[in-house]
Each structure stands twice: as C-alpha cells, then as structure tokens.
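Only one chain is shown below, in structure tokens, and it's the form predicted alone.
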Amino acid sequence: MALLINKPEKISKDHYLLRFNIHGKIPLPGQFINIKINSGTDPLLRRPFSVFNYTDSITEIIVRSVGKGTKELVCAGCGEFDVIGPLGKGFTVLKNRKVLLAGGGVGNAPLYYLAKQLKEQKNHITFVCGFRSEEYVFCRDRYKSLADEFHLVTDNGSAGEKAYVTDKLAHLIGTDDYDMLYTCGPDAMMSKAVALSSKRIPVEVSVENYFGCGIGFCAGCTVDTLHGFKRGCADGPVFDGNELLWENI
C-alpha cells in the first residue's frame, strides 16, 4: 500500500501532481508505478504512471486527466492506495557526458527524474521541453533548474519558441555532438527523433503503450522490435530507439 500525502495539485490544464509515500525499492529513472484507482472493479485495470521524481520515500507522478480512472484519481483526497512498483526497465544513466533530452506533453514527466540523476553524474544536459500551448506547460522552473541548456517550445508559440520538439532537435543535432538522446512523448515525435539521430547518436525512448497488468503477464502492451515482439511494461518501457519497428507501432 502507498499513502497519497497531499490532495492532487493542479499544475497545468488537465495535469496534476501527486505525491505518494512508498516504502521499498528506490526507482530508477524511466520506471513506473501501477495504481489501482479504487477498491471496486470499475475501472478494473490499474493505471501506470512514470516516476516524475523520487526523494526520501516520496514518489511524485504527473497525472493527465483524460478518462474515468485518471479523473477519479485527480479528485482523490489523501489516503491509502494499492500501488505496485517501481516496475519496468529504466534509462541508462551516463556519467560525465553530453546528453540531449526531449519530451512532448506528459512525456516530459519521466525525464525530470532522469535529468536529476544525470545532473548528479556530472553530465552536461540540454533539455527540449515541448507542449501544445502555454496552458499545458507544467513544472517549467523545475526542468530549467536541472538543464545546462533549456529550450521550451510550444506548437503555437504561446510559451517559449514556436516550434515542434523535432524541429528543435533537428537544429541541435545538426549543430552539436551528443553522447545520448533520451526522449518520451507521442510515437510520431519519438519516431522522428530517432530518424534525426541517424544512428549517429544512441537513442533511448520510453514508450507510452497502455499497460494492462504492468508486470508482463497479459502481453497487451507488446511492441515490435528487430528482435521480435517485446513487452512494453516488462522489457521496457525504455528501449533502444533504433531497435523498434516504428512503422508497426
């Protein structure tokens, strides 16, 4: 069991920050927790959420309210929840390197904890933080505080630079050298980010497939790779971007 220690905090349109006290294994960047929304059977399946941050047994997640389960969760009060995790395969944390992070929308969530760990390992961090518009931007200052170079982009230019994440990536990759690209967001964005790297830069992606069980039993979140089908929740959610068959995702 995990204790929700604060009422969900609205941080942008449809996005909420939740803090859980979870004792146990310290999560790795890119891992997730799986939450049972209530004690009943509606909704039946747990909901997965990337670890946004972790400090002293406090796990923070970002919830985008889009359906029945998430809407119920963001309206919850403090109390106990049935939570399992951390689950899945996380990102590779390099040391003393030059790294590029790119997030789209709620896909920025797992990149904060990653950036925090990368900073501790003395990496030079360039962060491209992308959103649809200003009303959806969350935790801007927290992201900026970890980046050596921070680029906020929005589709309509209402905050930061008017550009798509991949537009900014194309410019950065074309003008500088990086030891790793980490990305999370819509599949189309990640697919193009991988293509932009041209296999010259290693790329790790965090897939956002719907995880039914979260532990690999149901195989409902499989992704097609060069090595056959892999389970998104157990073999991922972090994969080598060049190993995924994007045309089948």
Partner chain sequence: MDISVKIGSLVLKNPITVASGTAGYGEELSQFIDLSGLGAIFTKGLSLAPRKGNSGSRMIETPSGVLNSIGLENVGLKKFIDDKLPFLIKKGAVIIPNVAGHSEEENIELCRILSATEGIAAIELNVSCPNVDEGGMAFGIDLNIFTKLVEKVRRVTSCPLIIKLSPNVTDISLFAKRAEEIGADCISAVNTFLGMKIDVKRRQPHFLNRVAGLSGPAIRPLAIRSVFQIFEKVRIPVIGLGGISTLEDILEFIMAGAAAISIGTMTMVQPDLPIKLAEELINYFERENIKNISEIKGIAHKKNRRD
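Since the structure is predicted, the reported quantities are computational estimates derived from the model, not experimental observations. Residue numbers count along the first chain shown, from 1.
We do not show the form predicted in complex with its partner chain, though everything after this point is about it.
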Inset, instruction - Using heavy atoms and a 4.5 Å cut-off, decide whether S12, K162 and D167 all contact its partner chain in the model of the complex. - result: no
Inset, instruction - Could you tell me which one of P27, P202, G185, G216 places a heavy atom within 4.5 Å of its partner chain in the model of the complex? - result: G216
Inset, instruction - Determine whether any heavy atom of S198 comes within 4.5 Å of a heavy atom of its partner chain in the model of the complex, and answer yes or no. - result: no
Legend entry - Distance check, D42 to its partner chain in the model of the complex, heavy atom within 4.5 Å: yes
Inset, instruction - Answer for K192 alone: is it within 4.5 Å of its partner chain in the model of the complex, judged on heavy atom distances? - result: no
Legend entry - Heavy atom of R47 within 4.5 Å of its partner chain in the model of the complex: yes
Inset, instruction - Give, in sequence order, every residue of 218-232 that has a heavy atom within 4.5 Å of its partner chain in the model of the complex, or say none if there are no such residues. - result: C218, A219, G220, T222, D224, F229, R231
